[in-house]
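Given as structure tokens, the chain that follows is alone and in the form predicted alone.
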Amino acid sequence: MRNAAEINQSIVDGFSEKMLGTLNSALLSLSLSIGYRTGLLETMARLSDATSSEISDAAGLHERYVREWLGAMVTGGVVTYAATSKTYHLPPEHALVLTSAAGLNNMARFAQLVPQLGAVAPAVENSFKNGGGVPYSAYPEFMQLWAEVNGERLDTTLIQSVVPLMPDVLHALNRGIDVLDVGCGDGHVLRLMARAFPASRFTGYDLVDDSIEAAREKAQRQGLDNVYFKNCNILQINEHEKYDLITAFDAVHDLAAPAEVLNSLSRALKETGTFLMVDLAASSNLEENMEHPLGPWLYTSSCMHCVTVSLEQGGEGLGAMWGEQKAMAMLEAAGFDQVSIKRIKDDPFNNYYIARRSV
């Protein structure tokens, strides 16, 4: 560290101000999460100028808590306040960002990530000191949130935009083929495809018991008899040239042994089959992610979830920000020598890797 005479105090002051803003924003995120989970933001979007008592009554909540929460919203620039009438107002422009009117891009919904990851912070800190990691079972709400967000996105993109990226696969699905989804979660991807392509047969693998149970129940409720779910490790499945299409949505970077899994999937794919891997659009090189709009968010969530759940299984901790260059190299090493990267308009943050082997 440089001595005091070499320190540029204006840089110190500017960085201190930046950090103060960061802490303010982090704590404001906690209040936004409460506003989302209690329905306060939705309530305020329906009201005009209202007192804390009127807002708490409309939301069915205790006024004293609501009043203090409103203090955070006002000083954080989310809600306006009229001192003479002691009334609060959520501007409609803000409501379009923080309520159901924002649809998939509801920022208050994403604010839940702060308390959710904060809850596992002590366990992650312990892993910093002692190695190992934190298991998937420690993240029930985190996993549920992403399942909901990804499910809503896929509802409007999977059949309409993603599958058409592969015209030959689209035709084959209509004729009837065998499809595997790795890391299927509650089976949302496969249930969408099973409904859209009833002539095809769909299988989903996941390591989490609760996810597989939920997938089976949802498929049964929807009357889908062309989809099958199994709790298993893909590395323990000796399948050879069985599937015409294999998919992995936001899953490979969490795995304990991603390279081995990609090799296993390559073997399980028919000679003329297609592997669709969906993962974050980023560089493998930190210096090339400096302008990424979600850089701090993605590296932090990767450290506190993706890396640690992999290390907990004795894995390599690839992480969500493994990036395009690393992904391409690993696909090639697994035998996929024909890989194209596609993007879709309604999903600016993911790459769609379409991988095949030379015949």
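Everything quoted here is computed from the prediction, not taken from an experiment. All residue numbers are counted from 1 along the displayed sequence.
Although not depicted, the form predicted together with a small molecule is the subject of the following passage.
Student: Within a 4.5 Å heavy atom cut-off, is residue 233 in contact with the small molecule in the predicted bound form?
Tutor: Yes, residue 233 sits close enough to the small molecule in the predicted bound form that at least one of its heavy atoms falls within 4.5 Å.
Student: Verify the contact flag for residue 133: yes if a non-hydrogen atom of it lies within 4.5 Å of a non-hydrogen atom of the small molecule in the predicted bound form, no if not.
Tutor: Result no; residue 133 lies far from the small molecule in the predicted bound form.
Student: Does residue 106 reach the small molecule in the predicted bound form, with heavy atoms at most 4.5 Å apart?
Tutor: No.
Student: May I ask you to state whether residue 147 is within 4.5 Å of the small molecule in the predicted bound form, using heavy atom distances?
Tutor: It does: once the small molecule is placed as it appears in the predicted bound form, residue 147 has a heavy atom within 4.5 Å of it.
Student: Find the only residue in 213, 239, 152, 250 having a heavy atom within 4.5 Å of the small molecule in the predicted bound form.
Tutor: Here the answer is residue option 250.
Student: Since exactly one of 246, 227, 90, 255 fits, which has a heavy atom within 4.5 Å of the small molecule in the predicted bound form?
Tutor: Looking at 246, 227, 90, 255 one by one, just 255 meets the 4.5 Å heavy-atom criterion.
Student: Even though the small molecule is not shown here, does it sit in the predicted bound form so that 143, 185 and 208 each have a heavy atom within 4.5 Å?
Tutor: Yes, the whole trio is in contact, each within 4.5 Å by some heavy atom.
Student: So which stretch, 74-82, 199-207, 280-288, 108-116, is the one near the small molecule in the predicted bound form (non-hydrogen atoms, 4.5 Å)?
Tutor: This holds for exactly one stretch, 199-207.
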